[in-house]
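Just the one chain here, laid out as C-alpha cells, in the form predicted alone.
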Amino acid sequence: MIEAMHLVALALYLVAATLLGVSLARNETRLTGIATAVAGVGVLGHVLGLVAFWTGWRELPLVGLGPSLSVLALLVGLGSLGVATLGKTGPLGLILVPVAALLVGAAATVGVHPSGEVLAFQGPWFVLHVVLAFVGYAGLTVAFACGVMYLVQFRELKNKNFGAIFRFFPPLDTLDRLGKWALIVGLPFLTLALAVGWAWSERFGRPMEPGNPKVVWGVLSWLLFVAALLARAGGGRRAHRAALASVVVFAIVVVTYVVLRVGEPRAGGFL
C-alpha cells in the first residue's frame, strides 16, 4: 500500500508536469487547470501513502531518508497547489511539480520504510523540529521556482520575445512578490526548527557538535536564507538580483545536502 500509493503519486505528478509542459508549448491555458487538478489527486494519493506508513509502522514518516524525502515532496506538492489558488501563479507548477516528482521518485527508490534507528532526539520535540524545517525548505523551493521563472521571462522580455513564455508565465511583479513572501515565510520556520533543536540539546545535556553534518547543513541553510533576503535590499535591478540569489541559494543548499549525505551515508533523519 505504501509503495503503491507513492508510485501512483509519482505517476500523477509526472502527468501533471507533462500537461503543464504541453500547456506552455501550445499556449493552452485550459490545460493548466487540468494539470492542477491532476496534481491535487496526486497529493491525495501521496497523503494516503504516508498515512499508510503511519498506521502500518506506528511512527511518523520523519526518520530515514525515504520517508523524509516523501514528506518534503508532499509539502512541495501542497505548495504548488497553494500558489495555484493565488490567481495567475498556477504555471509555477511547471517547476514545483517536477521537483515534487523527483523527490517522490528518490523516496521510492531508496524505500519508504522505517530506518530502525533509535534516536536520542525524538518525541514531540523531534516532530516539531523536522516539520518546521521542512516547511522552511518548501518555502525556499517556491522562491527558487519564482526565481527561475523570473530570470527566464526577464531574458525573453529583454530580447523582445513576446511568445509562449510571455503569455504563460506569471508577470514579473507577481513572481517577485511571491518569491519574496516565500522567503519571508520560510525563514521563520527554519529559524524555529534550529531553535527547537538547540533548545532540546541544551535542556537534556546533549550539546550539538559543530562538525555534525546536520548542524552544518542547518546553519548554512539559515545563512543562505538570510543572504537571499538581503539580496532584495537596495535599488537598481533589485528584483533580478533577488531572483538570481534565490536560484543560487537553492542550488547551494541542494549541493551541500548531497555532499554531506555522501560523506555521512548512515546519517539519520532527513540528512
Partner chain sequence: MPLAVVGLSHRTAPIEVRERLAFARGEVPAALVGLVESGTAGEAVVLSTCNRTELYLALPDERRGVEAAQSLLAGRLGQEPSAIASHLYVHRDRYVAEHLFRVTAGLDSMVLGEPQIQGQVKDAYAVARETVSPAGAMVGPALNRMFQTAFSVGGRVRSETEVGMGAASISSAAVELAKKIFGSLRGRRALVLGAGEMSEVTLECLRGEGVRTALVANRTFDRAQELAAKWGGEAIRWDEFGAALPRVDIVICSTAAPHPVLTRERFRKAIPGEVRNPLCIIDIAIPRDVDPALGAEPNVFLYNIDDLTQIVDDNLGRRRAQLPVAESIVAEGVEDFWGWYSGLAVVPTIRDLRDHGERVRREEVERTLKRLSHLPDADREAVEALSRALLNKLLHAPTVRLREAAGNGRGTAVLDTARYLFELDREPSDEG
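For clarity, every value in this text was computed on a predicted model and none was experimentally measured. Residue numbers count along the first chain shown, from 1.
We do not show the form predicted together with its partner chain, though everything after this point is about it.
- Highlighted residues 153, 166 and 172: every one comes within 4.5 Å of its partner chain in the predicted bound form, counting any heavy atom.
- Shown alone, this chain has one stretch from 26-34, 65-73, 215-223, 52-60 that lies within 4.5 Å of its partner chain in the predicted bound form by heavy atoms: 26-34.
- With the partner omitted from this view, the residue of 86, 199, 157, 184 that lies near its partner chain in the predicted bound form is 157 [heavy atom within 4.5 Å].
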